[in-house]
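The data below hold one chain only, encoded as structure tokens and taken in the form predicted on its own.
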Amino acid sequence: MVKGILGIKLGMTSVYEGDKLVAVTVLKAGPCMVTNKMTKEKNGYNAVQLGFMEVKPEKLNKPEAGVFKAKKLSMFRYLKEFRDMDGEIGDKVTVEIFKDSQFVSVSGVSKGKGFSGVVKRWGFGGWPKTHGSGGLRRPGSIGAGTTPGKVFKGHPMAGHLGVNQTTVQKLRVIKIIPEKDLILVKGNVPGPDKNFVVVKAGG
């Protein structure tokens, strides 16, 4: 059975694991509520939809609020489907679905870094640093000669960097704090603080 939960990234800190100081990311995950259930007979696949972060009705448009009102459920800012996960509408999902030392994957939108050159964006080496080349961080030649006489589509060039949906896998859970809905995972996760993230077991 797939296990997952929604949350936000609070930031990074360090904690002791035995006699070692470990860098961890603190995630506030849940409590989430099962707001919908999909079945193979009706929808073609099995899944549950989780809602996270309760909001007032005026924060949603009428169609969105109407879905929650029809089911007599609280209204949530974030919704996400998890395939092959068990649950019934109205069930609560908390961080206690995870255990210390298990591995999880965390998905989120990476930090935006604006317009970036080829050295920062793709790791190009740049031009020679001596003899007055004047190139330094320039891309250099981007096309071929007579054959094929064009720049191929998808060539690495300068452009917008970041703001991509990113998943970091195999992050180890260092500690679960159920009373505060916190998960401490070893390492970093995508995005800035207060970024919305999806946490799944395994990965």
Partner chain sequence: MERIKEIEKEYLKENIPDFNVGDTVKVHVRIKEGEKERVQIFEGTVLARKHGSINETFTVRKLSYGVGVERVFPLHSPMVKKIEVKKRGSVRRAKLYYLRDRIGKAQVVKEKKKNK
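Treat the numbers as computed from the prediction; the structure is a model and nothing was measured. Residue numbers count along the first chain shown, from 1.
As for the form predicted together with its partner chain, it is not shown, yet the points below apply to it.
The contact residue chosen from I177, V67, L136, I142 relative to its partner chain in the predicted bound form is I177, the criterion being a non-hydrogen atom within 4.5 angstroms. Remark: none of the three candidate residues (D91, T94 and V199) comes within 4.5 Å of its partner chain in the predicted bound form, counting heavy atoms only. Stretch 26-34 is the answer when you ask which of 57-65, 39-47, 153-161, 26-34 has residues with heavy atoms within 4.5 Å of its partner chain in the predicted bound form. Among heavy atoms of N188, none comes within 4.5 Å of its partner chain in the predicted bound form. Interface membership of G11, defined by any non-hydrogen atom within 4.5 Å of its partner chain in the predicted bound form, is confirmed.
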